[in-house]
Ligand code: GDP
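Below you'll find only one chain, the form predicted alone, shown as structure tokens.
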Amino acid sequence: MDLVEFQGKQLFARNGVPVPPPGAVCRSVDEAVAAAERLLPDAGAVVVKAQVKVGGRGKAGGVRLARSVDEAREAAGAILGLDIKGHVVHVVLVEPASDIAEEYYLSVMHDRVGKGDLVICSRQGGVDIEEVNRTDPGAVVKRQVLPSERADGLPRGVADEIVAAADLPAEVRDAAAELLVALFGAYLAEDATLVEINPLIRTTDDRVLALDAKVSLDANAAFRHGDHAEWDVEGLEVRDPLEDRARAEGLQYVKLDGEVGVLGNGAGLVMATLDVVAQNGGRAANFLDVGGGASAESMATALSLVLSDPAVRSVFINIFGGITRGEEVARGVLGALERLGDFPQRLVVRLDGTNAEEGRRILAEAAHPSVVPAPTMQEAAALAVRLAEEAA
């Protein structure tokens, strides 16, 4: 689960990461105006920020400074309803403006390749860290932290080493190292896969604060964090109805912007399927992992979800049989088609693995007009792309 800024700051604050004074979460211009009226006498200025789960808000006009109530009204009116990279703004955060002397970058993330955690720190903050890494890689410090090093959290000595290597000013190194230890603690305590501060600011009185917060929480650890449910708030963004439906059905589904529906068993296989569709000149319409089951009911649910997307012109079913045998998959597909009735899309089915030959035989004998068997993943992808193009 990804959090928006105000939620990330709440998570930071309860784990000892210093953040600016709290602002107000507003869903209308009137609410933003009321917040500005309350905050301006002490703050002198407020910042109105779009609350969406995507970066680049400032460049898109989603972050605005307001020194008066009228400016706050204008800013909220301009931001609410704004489309930022496909995310429509329905909520803004109005918070006191901070006195910024310098901006840095700091993050902790899960490192799948190194099988540990990765801390990234840079003296160049407030900008795209990937661009900084490309143009000036020496300005970005990356430190892998192995599980054996952080049994009790990030050692202060390691934090000192990181902020010194990033050349943060001597005046704030102690505070920055202390903040990093707290940030790493939040990362562990909350079962996050990413905690990012961009920018981490130095104030004019030499404090360091998390001016922004980007947090991704591991959904597989949600059973340990009942309080995380409070952040799964309706109304922050308009969610895709198909994704909501899949969620209710317990399916791993992500809506994409292509025309080839993709259905597979296992996240790795589905990701590889997306790649091979792209390599053949097509675009996947979705990511859908049906998991280990292949009953007629589960296949019907999954297929119905994919076919509900009006953009889907063909479907690529890519199954590798392990515990689930090929003949069970074939019967599941045919049973699903009986349940679903008529639809215009063609289904390209590729079966491999346990009893795949028997599964292919069952499909061939059934000779269903909507099913096109394919022997290999590459041939299946090429065929699915061609059928989508023909149906355009």
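The numbering used is simple: start at 1 and walk along the sequence shown. Quick caveat: nothing in here was measured; it's all calculated off a predicted structure.
In what follows, reference is made to the form predicted together with guanosine-5'-diphosphate, a form of this protein that is not presented.
Among the residues L256, A165, A311, I100, the one placing a heavy atom within 4.5 Å of guanosine-5'-diphosphate in the predicted complex is I100. The single contact residue among L40, V33, V63, A336, judged by any heavy atom lying within 4.5 Å of guanosine-5'-diphosphate in the predicted complex, is V63. Contact annotation: N198 falls within 4.5 Å of guanosine-5'-diphosphate in the predicted complex, judged by heavy atom distances.
Taking non-hydrogen atoms only, G126 approaches guanosine-5'-diphosphate to within 4.5 angstroms in the predicted complex. Contact between A159 and guanosine-5'-diphosphate in the predicted complex is not found at the 4.5 Å heavy atom cutoff. In the predicted complex, at least one heavy atom of G55 sits within 4.5 Å of a heavy atom of guanosine-5'-diphosphate. Residues placing heavy atoms within 4.5 Å of guanosine-5'-diphosphate in the predicted complex fall in a single listed stretch, namely 43-51, out of 24-32, 362-370, 43-51, 321-329.
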